[in-house]
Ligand code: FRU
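Before any questions on binding or motion, here is one chain by itself as structure tokens, the form predicted alone.
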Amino acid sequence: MTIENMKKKVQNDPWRLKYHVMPETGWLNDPNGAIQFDGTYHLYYQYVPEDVNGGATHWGHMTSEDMVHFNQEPIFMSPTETYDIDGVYSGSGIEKDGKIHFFYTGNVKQPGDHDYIFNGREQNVVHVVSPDGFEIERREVVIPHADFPEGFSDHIRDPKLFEKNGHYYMVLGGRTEDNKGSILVYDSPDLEKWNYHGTMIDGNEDQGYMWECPDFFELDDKDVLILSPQGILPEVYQFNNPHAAGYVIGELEWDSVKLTPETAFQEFDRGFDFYAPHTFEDDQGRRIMWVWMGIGDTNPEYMNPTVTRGWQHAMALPRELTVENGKLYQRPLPEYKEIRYNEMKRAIGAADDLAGEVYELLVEMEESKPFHLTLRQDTELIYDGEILTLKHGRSGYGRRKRMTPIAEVTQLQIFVDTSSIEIFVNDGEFVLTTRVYPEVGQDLIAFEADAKGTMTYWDLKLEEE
């Protein structure tokens, strides 16, 4: 099937998302290089246009003026060089002297009998200079794989850049030779010459064998490190996906660039489809997070049926982060209020006429009470006063159940698209993100609770510009 025929097939797919960023065809994964430059928001992402199961990745590219309506741009970078021939892997962007400087991992797999973990792989740090986010002036390796420190496997990748007092820093995710995660730090006065500074923080054998997609920033007078551990050991109520994504809040000692944690590693999301979060700061001073609404090495129990339709995966809604009560709260951007229409407000207990396919639902209770909420065919959200449970039936395509202890629940803000559900609990204190693939017409909403409060429903529609 040609790419053009694939595009037509995807455009006509009833599971194609209406207000989320998703590819025209093929495979999407990690968000990369997010930045606001000259008033325009840029989002890049891992992209394989011709294969729904992944492969040698490009950097896809979307732009927006308002973080709601996005334009599909031409592919920004492809694996065409000897130092990235097997994939233009993840990275980030930073502005300097009126230009955007991107850094990414160039992936190379040597031919032969290799395991590609401890031998046979190169992961080079590549520097790209762009005058506008569309064109490339310069592209060169600044840290070749051979220059990485001893004690690590061949897996060191995903550079994220930040600046402090006119000096530049780069964090990289790593896997040690004894299969533990680690965050490496490099520093530079000019983005050209880089010096290894040591590790910011190191993991133990229970915290995953590889730490991907690191991100560091200062927010609300706290230092925050985001990472995506592969292979973290599951616990009863968390880390139940094959790979996790979360954060540590602490204090960074800038001379040594060592992070002293003030919190344990906390998982971002308690749903089924959330990985590789990536943040940037916009001109309003907001810390905005993009995230892949999917996961690598998916649990074989569940899958995405859109593979047979020519596409797989999407981005979750962009979210603003704040530090509150020792944790990161996630809230959907207020810009998405612009796509609301057809508002319906009901008292709890008198909302048996609500139904929808693409909508936002706000539930506000005067006090926390047990409840049972049904969404989109057979998705259930159940709270017994102590545990919040997300359950899927047939429409989950193998996704079954996730459980989260929560002391009280008084508010739910839920975004439903044709094949996704994002549940924000208590104004962003907890979030559950999941893909779901319901049958046409299975759209009734049912909320049962011995509680006082209101339910507000909006249809959502992304008007064409």
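In this text the structure is predicted, and so the values were computed from the model without any measurement. For every residue, the number given is its place in the sequence shown, counted from 1.
Absent from the display: the form predicted together with the named molecule. The rest refers to it.
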Open item on the list: If the cut-off is 4.5 angstroms on heavy atoms, which of these, K160, H392, R319, R157, is the one near the named molecule in the predicted complex?
Closed with: R157
- [ ] Select from the listed residues Y275, Y359, F216, F280 the one whose heavy atoms reach within 4.5 Å of the named molecule in the predicted complex.
- [x] Y275
- [ ] Look up in the predicted complex whether Q46 has a non-hydrogen atom within 4.5 angstroms of the named molecule, and give yes or no.
- [x] yes
- [ ] Although the named molecule is absent from this view, report whether F76 comes within 4.5 Å of it in the predicted complex, heavy atoms only.
- [x] no
Task: Proximity of N29 to the named molecule in the predicted complex, heavy atoms at 4.5 Å - done: yes
Open item on the list: Check S419 for me: does it contact the named molecule in the predicted complex (non-hydrogen atoms, 4.5 angstroms)?
Closed with: no
Open item on the list: Only one of 88 to 96, 112 to 120, 216 to 224, 301 to 309 has heavy atoms within 4.5 Å of the named molecule in the predicted complex; I'd like to know which.
Closed with: 88 to 96
